[in-house]
Ligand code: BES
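Next comes just one chain, in structure tokens: the form predicted on its own.
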Amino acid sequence: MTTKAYITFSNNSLVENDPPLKEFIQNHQEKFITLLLDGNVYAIIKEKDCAYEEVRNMAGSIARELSGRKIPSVILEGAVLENGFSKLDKGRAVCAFIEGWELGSYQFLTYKSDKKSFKTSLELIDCEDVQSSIKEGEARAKAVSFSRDLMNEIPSALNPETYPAVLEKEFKNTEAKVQIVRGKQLEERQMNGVLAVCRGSKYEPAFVEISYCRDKTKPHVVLVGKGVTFDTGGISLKRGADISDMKMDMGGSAAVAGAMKLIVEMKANVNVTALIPIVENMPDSQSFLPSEVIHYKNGLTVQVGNTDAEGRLILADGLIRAGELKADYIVDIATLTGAIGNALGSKIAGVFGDEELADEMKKIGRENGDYVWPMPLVDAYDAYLNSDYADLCNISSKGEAGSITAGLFLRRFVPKSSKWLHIDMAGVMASNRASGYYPKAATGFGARLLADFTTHISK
């Protein structure tokens, strides 16, 4: 067995004597090919103008292939990367390669009885001048992996009662402060959306606040993440042969938590607060029912048309709280609607709200790999949310523009003094196949996007 290999760039493509490798190459006919030959890994660049995302994907593919072949370690020289990606900044290329390598090696094996984790280690040589980039790449990968771990965990292990403790433990002994609101405190804060949605669960709901401030003069950015640890749809029960991916309905909260981990790890000079309402949406004799009216702290009343539109009901509490904290910028993120997946597919999330900020976020996502596309909030559709019994209904009266009307619902709860963006990540929460640095599991989408956006705004 090869004990150590070297990563180089070459035009050598003699792989006829290695059928498994040949198949691997045929499955990776993108802008690059990776191959193992004579103890070396050759990355053959098809296009010199590689973007940083392609560097991540290349590294992830190599890492997964070599780990599958049980090769203990590989060596990568800084000069090789510099020459291979001559049009890219060396530091950023190294950061992207490390990030892709670590995330491509990611595995969630907690419940596998017959499989042990194996990861090919990466040894960097001649990279003394980019040590900070190496550390940043590692930190970014750890943050995304944390988000993936949260999303991949099963609901009996990660639920409204255990989730806050996981977050508290993660940020213990850091500069971040964690506050957990439960029970009577939720009632005192009039977080009636959170209380209503979790009524049918055997678990008590929670609302977690994670604050981190290194400079009070910086604009206050508040990140709000939907934390539904499992979504059955409630009384409006979901239909489908397999709804197990509804354990990932807390993907927005995982993105927020991962972003905070990255911000804290990098000691970013920001002023940021994360707000995470945590519930489980279950049918039970105590469950909230269609036709009920929820009274919110800001005075708005909401008729429940469908209990499976629960995410917006708890995000409303988060947006109200963001206003109380005098947020300058608010970004909420959620696995909110299937409609966004129909509109944009499985590779890109939708971003709604302030158009200028949405364009800035689009540029950030294009650089870091968390792609978003600006979507409109059509004022004419706001009337679709009218209710005969309350100020508005939690579902649209029309069978169209589902992701837009969900955004319009949330807009009703945004404080007027704040600039606001809403990210619907339902279509990108999981990958249906292993590709690049993504496993066939939770993607960890949003952690990098929110952290980079917060840092960008703070500059």
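From 1 onward, residues are counted along the sequence shown. Everything numeric in this text was worked out from a predicted model, so none of it was measured.
One more form of this protein exists, namely the form predicted together with the named molecule; it is left out here, but the text below deals with it.
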Item to check | Candidate from Ile395, Leu421, Ala63, Ala401 lying within 4.5 Å of the named molecule in the predicted complex - any heavy atom | outcome: Ile395
Checklist outcome for this item: Answer key: of Asp370, Asp231, Glu99, Asp332, within 4.5 Å of the named molecule in the predicted complex (heavy atoms) is Asp231
Checklist outcome for this item: Partner contact check in the predicted complex: of 262-270, 168-176, 304-312, 104-112, the stretch with a heavy atom within 4.5 Å of the named molecule is 304-312
Item to check | Contact label in the predicted complex: Gly338 to the named molecule, heavy atom within 4.5 Å | outcome: yes
Checklist entry - Could you tell me if Leu408 has a non-hydrogen atom within 4.5 Å of the named molecule in the predicted complex? => result no
Checklist entry - With a 4.5 Å heavy atom cut-off, would you call Met58 a contact of the named molecule in the predicted complex? => result no
Next on the checklist: Please tell me whether any heavy atom belonging to Met246 falls inside 4.5 Å of a heavy atom of the named molecule, as the geometry stands in the predicted complex.
Outcome noted: yes
Next on the checklist: Each of Leu275, Arg448 and His456 having a non-hydrogen atom within 4.5 Å of the named molecule in the predicted complex: is that the case here?
Outcome noted: no
Checklist entry - Quick one: which residues from 401-438 get a non-hydrogen atom within 4.5 Å of the named molecule in the predicted complex? => result Ala426, Met429
